[in-house]
Structures are given as structure tokens and as C-alpha cells.
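Before any questions on binding or motion, here is one chain by itself as C-alpha cells, the form predicted on its own.
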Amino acid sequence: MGVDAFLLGWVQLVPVVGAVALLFVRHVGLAWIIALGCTGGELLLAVRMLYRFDLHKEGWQWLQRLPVTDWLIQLAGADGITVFFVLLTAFLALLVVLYGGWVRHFQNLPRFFAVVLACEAALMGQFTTLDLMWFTLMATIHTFCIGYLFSAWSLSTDERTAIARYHQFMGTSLLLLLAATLMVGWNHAESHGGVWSFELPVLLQNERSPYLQSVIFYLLFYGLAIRLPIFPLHGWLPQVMEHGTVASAMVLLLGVKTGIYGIVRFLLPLFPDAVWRWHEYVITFATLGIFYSALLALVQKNLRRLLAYAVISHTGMLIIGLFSLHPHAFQGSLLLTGSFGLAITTLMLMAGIVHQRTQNMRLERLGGLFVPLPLIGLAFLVAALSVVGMPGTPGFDAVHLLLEAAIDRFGALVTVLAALGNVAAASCLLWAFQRAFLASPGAGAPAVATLARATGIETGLAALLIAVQLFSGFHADPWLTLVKQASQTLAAPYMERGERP
């Protein structure tokens, strides 16, 4: 067998080896080299996957089966959606390592890098598996790794309540995911002589009663929705963003949308009847959430809390796209997920650089930062425009496809509301940019002349993020092509039901 046959195995193994090696390293420079080597190698593997992926081949590629126990089998496989998420994860993990190594305000950097690589390993396990139980186990590991990043490297003096809230919500999410997973396995065992299975290709062949589909749908949907998060399951995020202030953790939690992937990979294909029955209710809450969160964002005094509500509002757009149940909407939502991942990563890392200079996130105590930090401000602005879907950013084609599908499926009302809500969500980000970077410094803000200019490394990081977003925006077709066939397969059961419900 060729090297490509083991691509998915290497993608999962490399960060695990790096994380274990870093547990025995004490020298910061060596630790950074190891972390860069692992994340850089992981990105090269992801690029190799992209290069070797056959766009014309139907079904999953590079299928591999790794038995762990008699009932838990790690079945790995990839379609265009898998490759897209693996590439996004590898790039963002490399950014986190670069940020951690360049900024170096974290204590015990070798341990920090080890936890980051453990997060990456868990994410790669989720994105390459076709086994629902393995997905849930990897989600559990990922949840605890992020929680550890928050608790060990928070820069806030009031992080305990935020961390407790994070564990309460994420614990509930994991319980719901586990309950749904066990019910799926039990349903298979009932019709197959007591043999349990959690493999997606096998589960797709199972018959389920409408009542059972609805129960599992809600368990799985709520479990994933908390992780996104969407309204009204968002209560943990504003506190965690404000006080659990490790930008790296938020990149690996929000920049990489595991909840979106779980919905696309398991929820939509396994429970088409329940999805069709309840999707209008999901759309209603998503639309309300866009406006609710955007309005709350506009009244925030803390930049991190404002970013949190912008995340919640924008996630509503993703949900509207997915539950439009249209191939164009799936393509647009997936591209928007990548665009959003890059944008929120940029916003959080730039906010982290601002916090280093000012030791403050209160908007009334910021202002005039464009003078000492021009490229940092420009990166923040480009990310904000990407959220609204301005031409030249990857969000433009994504939002266009999403709204086109929404008007086809639901008519003008939902589409117009979604578009207005998207503009409202982005307006708060543009207002935050104006207040922090362009307005005169507020009372209590440090004098602009006393703030250190951006270092060459910080400038390079900002320039890289700007370049990637603009390049992805002007060359969005390859990414749409990558997920096109998987989106059509995903939409097939729903398109058969008619153009409109």
C-alpha cells in the first residue's frame, strides 16, 4: 500500500506523538521547535490530502478501520468536507503555536504546546472518523483540553466562574451526545441480533421510527448546538470570552466549528425525517438569535464580550444555511464556516495583541490604537468585513449561496431577515474597530505615544492572516468545488421532498 493509504492515520498520529514528546521537554526553544515541526508537518499532510483527493470519486476515500475493542471500532474516511475541515484545523493550530511562541506571555510554554497538540489530535480524530462513538470520545478529550487551557493560562483574575460555567454547559453537551450515540447503537442492536455498531455507513442502512428519530435528533442537535453555540444555548460563551482569556483556546474552540461538522457528518444524513419535521423551528430560533445577539453586542462595554455575541449572531447564519437543506446552502455554509474560522481567529488574536499593550478590554478605555498598531487594526477590519461578506473576502460567495438557497426554500421573509441580521452582527464589529482603533482615547486609556509599536513578528502574523483571507476570498472556487459533491449527496434526501416545505 502507498503512503497515501495511511494519510488519515498519520494526520491523527503526528500531534499525539508531538504532545507526548513535549511532556518531557523543559527548554522553551526546543519545545517551540517541536510544536512547530508537528503543526507544520500536519499542515503539509493536510495539503497532501487536498492534492491527492479525487474530486470525481463518489463516497469516502482512504477508508481505514482500527478496532479498539469488540464494540468500538475507529472507522476513518474522508470526503471533501473532511479535507476542508482538516486543512482549516491544521492551519489554525499552526497559527496558535506561532502566536504562543512569538508572544510568550504564557507560563510553562512546553506544557502549553503539549495541550495545543492534544487539542489538534482530538480535532483530527473528530474530522476523520466515520464512527459516532469515536466522534463523541474525541469531543470529550477536546472539551477537557480546552478547559485545561482556560484554567491554566487564563489572564483574568475572575476566571473561576467562567470556567465553571464552561464545564457545566460542555458537560451537558457531552451527556446529550453520549445519550444520542448510545440510542443509535441500541437501535442498531435491536434489529441486528444484539450487535452494536456506530459506523456511519452501517447506520445509514437502519430503519428508525419517527418518534425515535425525533428523540435522537433533539439529543444530538442540542449536544452539538451548545458547542457552536447558538441561541438560546449560548450562556457560557460571553463569560468565557471575557474571563477565560486565552485567545489560543478560543481559536481551537470557535475557529474550528466541530458542532457544524457533527451536524453535517451525522445529524443530517442519519435523521432526514426528523430534520425535515423540525427544521422550520430550528430556522426560527436561528433567525431570532441573529438579531438578539447582534443587539446585545451593540451594548457591550468589553471587546471580548462583544466578540462573543458577534460569534453567536453569526452562527445563526450558519444554522439557517444548513437547515435550508439545499446543496447550494450546504456549500455556502461550509465555506462560511471556513471564512468564519479565519475571521474569528484574526479578531481574537488581534484582540490579544491589543490586550498585551493596554492590559484592558474595556472599549471606553481604548482608542487611537491605529497609530501604534496600524496592521493589527487593518487585520481586525478585514476580519470584520469578512463576517459581513464583503466582496474580496471568502464570506462573500458563501453568504451569496446561503441566501440564494434560503430564498428558494423559504421565500423572501426569512432571507431578508437573515441578511439584515448578518449586517447587524457585522455593524457591531465595525463599531468596535472604530472605537478601539480610530476614535480618540477614552478616559483612563493609556496615552497612544506610550504604547509600544507592533513588533515585526506581530506585524507578520497580522499580514499572514490578511493575505490568507483575501486570497481565499478571490479564489473561493476551489473550496466550493472541494465540497460540492459531498454537499449534493447530503442534500439528496431533502431535495426529493420538493423545493419548499
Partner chain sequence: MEVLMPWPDRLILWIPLLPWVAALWIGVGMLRPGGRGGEAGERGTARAALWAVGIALLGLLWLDGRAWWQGVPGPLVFGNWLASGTVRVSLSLLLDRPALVMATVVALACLVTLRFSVDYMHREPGFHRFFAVLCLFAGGMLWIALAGNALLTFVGWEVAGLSSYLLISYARERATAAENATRAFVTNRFGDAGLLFGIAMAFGAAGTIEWPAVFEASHRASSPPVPIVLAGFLLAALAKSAQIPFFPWIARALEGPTPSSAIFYGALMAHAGAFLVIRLEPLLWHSPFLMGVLLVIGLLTALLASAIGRVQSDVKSALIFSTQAQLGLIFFECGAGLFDFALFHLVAHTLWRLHQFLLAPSYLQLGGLRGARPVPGWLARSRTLYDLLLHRGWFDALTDALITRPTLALAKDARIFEEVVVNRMAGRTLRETLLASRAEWDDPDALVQDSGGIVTEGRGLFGRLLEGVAKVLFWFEESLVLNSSGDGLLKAVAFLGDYLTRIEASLGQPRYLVLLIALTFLVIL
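Quick caveat: nothing in here was measured; it's all calculated off a predicted structure. Residue numbers count along the first chain shown, from 1.
Separately, the form predicted together with its partner chain exists; it is not shown, and the next lines address it.
You can rule out all but one of 219-227, 378-386, 117-125, 189-197: in the predicted complex, only 219-227 has residues with a heavy atom within 4.5 Å of its partner chain. Using a 4.5 Å heavy atom cutoff, none of Asn206, Leu268 and His326 lies near its partner chain in the predicted complex. Site annotation in the predicted complex: the residue of Val202, Leu174, Leu295, Val282 reaching within 4.5 Å of its partner chain with a heavy atom is Leu295. Just one of His142, Arg409, His243, His234 comes within 4.5 Å of its partner chain in the predicted complex, counting any heavy atom, and that one is His234. For the chain shown alone, Leu182 is not a contact residue for its partner chain in the predicted complex, no non-hydrogen atom being within 4.5 angstroms. Taking non-hydrogen atoms only, Asn302 never approaches its partner chain to within 4.5 angstroms in the predicted complex. Using a 4.5 angstroms limit between non-hydrogen atoms, Thr258 is distant from its partner chain in the predicted complex. Put simply, Pro238 is close to its partner chain in the predicted complex: some heavy atom of it is within 4.5 Å.
Contact annotation for 263-278: a single residue, Trp278, has a non-hydrogen atom within 4.5 angstroms of its partner chain in the predicted complex.
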